[in-house]
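The chain that follows stands alone, in the form predicted on its own, written as structure tokens.
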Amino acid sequence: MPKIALNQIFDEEDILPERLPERIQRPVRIKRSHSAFVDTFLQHNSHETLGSEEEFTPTYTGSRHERKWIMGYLTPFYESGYISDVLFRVKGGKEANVYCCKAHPSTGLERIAAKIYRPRMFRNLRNDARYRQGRTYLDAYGKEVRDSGAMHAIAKGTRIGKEMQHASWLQHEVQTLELLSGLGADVPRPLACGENTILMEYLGDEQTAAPSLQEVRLPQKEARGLFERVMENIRIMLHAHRVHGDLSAYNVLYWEGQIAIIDFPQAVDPRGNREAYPIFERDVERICQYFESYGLRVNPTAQARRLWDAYRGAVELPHEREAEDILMRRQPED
């Protein structure tokens, strides 16, 4: 998947205008993958120059501080031919801002969602050690960090180490989205990424973005079908060795019968995380609790165990095998 690299990693105080450069340099060479999006993108651009030479003047600007935010993080995607305008802000918060962008015609899309994370979101993630179990650190291009100096900086929590941790959280989310979308799960397909930013498929229209399940009242006859669809997505994730880690009705978008599960930075791999099951069980419980208001009476503990046992039957989890070995050794001899 294409990755846009800026020539500067912005400081933690990311919305202050004096922290952003006066002029954003053109992005460095884009790494291309063999995804369907890139294939289409290249076909459309085979006889034209990538990107735009015109100045980026987005329709949506927000406050003076937010304009600096938009210009700093989204100009490289405009210059590289992914977006042609920023239409409105979908969501703003302590963790990230999400914008609805008009897609460049060469992409074959109408609109693209741009998710811009605040660096401190990853640095202040609660109980982050719980989610980092078994994770490798990834650099800004999604490659595993093996350099001893870099690992030392991460362990010591230096400024560079924190920036690398931030890049790793973002790249884990990007790779999870790539994996799950390729398996047919209802998640936004990622299109490109850069420092603090992920471009992905957009759900909604040019005036309104898809709300979360928490914000809508579903038709009663539709609720069971959607519950089963969410459970099927949880099953797909699990068999792809992913547990969302923060799943609830707030992280499931709904639009005209479609759903999209979002926000995967904390997703864990059960093969390397000893707390994966309680995290997974909590995800299932939250979804079951939401659908209870539609009269669906499902035992979340039994539902989680059924899905987990089916997963364990398909893959042997190293840490569970180790636990079973310990128990066997503790049994008295005949």
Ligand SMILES: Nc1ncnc2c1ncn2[C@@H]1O[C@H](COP(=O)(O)OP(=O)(O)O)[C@@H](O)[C@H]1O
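Numbering starts at 1 and follows the sequence shown. Here the structure is a predicted model, which means the values were calculated and not measured.
Quick note: we don't show the form predicted together with this ligand, though the next part is all about it.
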Contact with this ligand in the model of the complex for Pro188, defined as at least one heavy atom pair within 4.5 Å: yes or no?
yes
Give a yes or no for Arg135: in the model of the complex, does one of its heavy atoms lie within 4.5 Å of a heavy atom belonging to this ligand?
no
Classify Ala96 as contacting or not contacting this ligand in the model of the complex by the rule of any non-hydrogen atom within 4.5 angstroms, answering yes or no.
yes
Any non-hydrogen atom of Lys91 within 4.5 angstroms of this ligand in the model of the complex:
yes
Ok, Asp139, Asp85, Glu201, Glu178: which has a heavy atom sitting within 4.5 Å of this ligand in the model of the complex?
Glu201
Counting any non-hydrogen atom inside 4.5 Å, which residue from Val230, Val174, Met237, Leu253 sits next to this ligand in the model of the complex?
Leu253
Given 67 to 75, 102 to 110, 245 to 253, 216 to 224, the stretch touching this ligand in the model of the complex at heavy atoms within 4.5 Å is 245 to 253
Contacts with this ligand in the model of the complex - residues in 257 to 286 whose heavy atoms fall within 4.5 Å:
Ile262, Asp263
